[in-house]
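In the form predicted on its own, a lone chain appears below as structure tokens.
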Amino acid sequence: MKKIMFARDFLMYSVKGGVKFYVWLLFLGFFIMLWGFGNFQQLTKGMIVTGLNDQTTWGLYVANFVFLVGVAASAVTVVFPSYIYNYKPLKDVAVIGELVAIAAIIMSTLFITNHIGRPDRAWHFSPGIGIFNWPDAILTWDMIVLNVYLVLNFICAFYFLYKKYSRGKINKWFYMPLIYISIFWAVSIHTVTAFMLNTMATRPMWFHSIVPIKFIASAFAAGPAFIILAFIIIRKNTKLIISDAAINKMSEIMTYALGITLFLSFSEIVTELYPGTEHSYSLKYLMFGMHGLTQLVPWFWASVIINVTAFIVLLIPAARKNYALLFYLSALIFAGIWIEKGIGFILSGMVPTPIGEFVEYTPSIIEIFNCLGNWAIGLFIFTLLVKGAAGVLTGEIKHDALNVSNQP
């Protein structure tokens, strides 16, 4: 009965707010409407409504999927210092990181559902049931680790919130093993996603052992950037107290991870361009264009300028503690990593094809509608989850059994 009351109170509190809150939800609702139209068109007419073709079979859907798996994995940047090092400023709000993971996994699932084109055939991902040759099929491994990670974060987040709501004591023998498993699992989900790409020997852009390491590093830059944005917005618009120390720690993690990401990117450029073999064509196309095709070149250099500039500024401690500036720097880093990791890495890896064809890909308006809608759905869910969590953590919603028991 108490659990039902928790679910009811959490839901009721999460949908109540002021004018800014409802304007934000309506803004997201507009893109969700576009998503509905886009998905209807794709489901009824097929993948022909997208910009994908025989040469480019992985486009904007997979680019967002790969990026968001990294954002989901980045929850560990909050959970690890909170529970392994017992860093109290983050431990008080570690559940926010778990809610980020939940929303990011939901968005990842929406993007991969769009990509497979036939959601009714998604059961083929299931080991022993579908046609994928598990355990050899890395795509099936990816679906397994993502869904397990979703369940782990859901249990950890809502068990913690339920205990806060009911003023009960957390059972560490139950809770802490799940936390430790989720920390390991966070790294595994992005590693498996990287393996899905870097085991393709016919795609030289991806066929590097450095890919899993770079994926983790870039995830630990983009994820904390999003978490910092969330922390700043939450403490401005709710009663939940998020200390400066918590934001400072996340900005340090973001800075270090961004520096490692830039170093790995530079190493990749030198390794590819110095010998200048045909294996470097994808990177040359991305950086300078080839055969008159330059569609991705502005995106690449934009990401370089954004990430390098943000990294240099973040090296200044005073800049990291200027939260008005940090807010915009975090937004830039989030966008810069999205460009580099999504558009840059995924799309350029499809050019040229294994038989040497150079064909550019332009996403259709339907793809754009679906992508914006998937992001809107994820942010909508994240907003409601954070709203309810803030109510529990501040004590605005709690179990009133004690008051009831004292009534005549």
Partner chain sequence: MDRREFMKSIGITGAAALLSNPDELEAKTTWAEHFQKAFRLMTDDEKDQAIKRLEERYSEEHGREVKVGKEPAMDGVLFGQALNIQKCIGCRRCVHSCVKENNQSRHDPQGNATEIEWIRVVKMEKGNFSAEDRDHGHPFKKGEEYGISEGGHAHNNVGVVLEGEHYYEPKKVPEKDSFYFPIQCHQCENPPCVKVCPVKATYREADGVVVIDYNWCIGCRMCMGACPYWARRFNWGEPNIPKDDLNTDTHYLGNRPRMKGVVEKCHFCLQRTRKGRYPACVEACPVGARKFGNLLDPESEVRKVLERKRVFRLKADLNTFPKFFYYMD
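Numbering follows the first chain given and starts at 1. The structure displayed is predicted, hence computed values, not measured ones.
Below, we refer to the form predicted together with the partner chain, which is not included among the displayed structures.
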**Report entry** the partner chain contact in the predicted bound form: residue 291, any heavy atom under 4.5 Å
**Finding:** yes
Report task. Please run the contact check for residue 117 against the partner chain in the predicted bound form: heavy atoms, 4.5 angstroms, yes or no? Result -> yes
Requested in this report: Using a 4.5 Å heavy atom cut-off, state whether residue 131 contacts the partner chain in the predicted bound form.
Outcome: yes
Requested in this report: Mark residue 36 yes when one of its heavy atoms lies within 4.5 Å of a heavy atom of the partner chain in the predicted bound form, and no otherwise.
Outcome: no
Query raised in the report: So which of 101-109, 194-202, 264-272, 212-220 is the stretch with heavy atoms within 4.5 Å of the partner chain in the predicted bound form?
Result: 194-202
Query raised in the report: Considering the partner chain in the predicted bound form, which of 123, 85, 173, 184 comes within 4.5 Å of it through any heavy atom?
Result: 123
Report summary line: Note: exactly one of 251, 238, 140, 282 sits with a heavy atom within 4.5 Å of the partner chain in the predicted bound form, namely 140
Requested in this report: Verify the flagged residues 89, 389 and 394 against the partner chain in the predicted bound form: is each one within 4.5 Å by a non-hydrogen atom?
Outcome: no
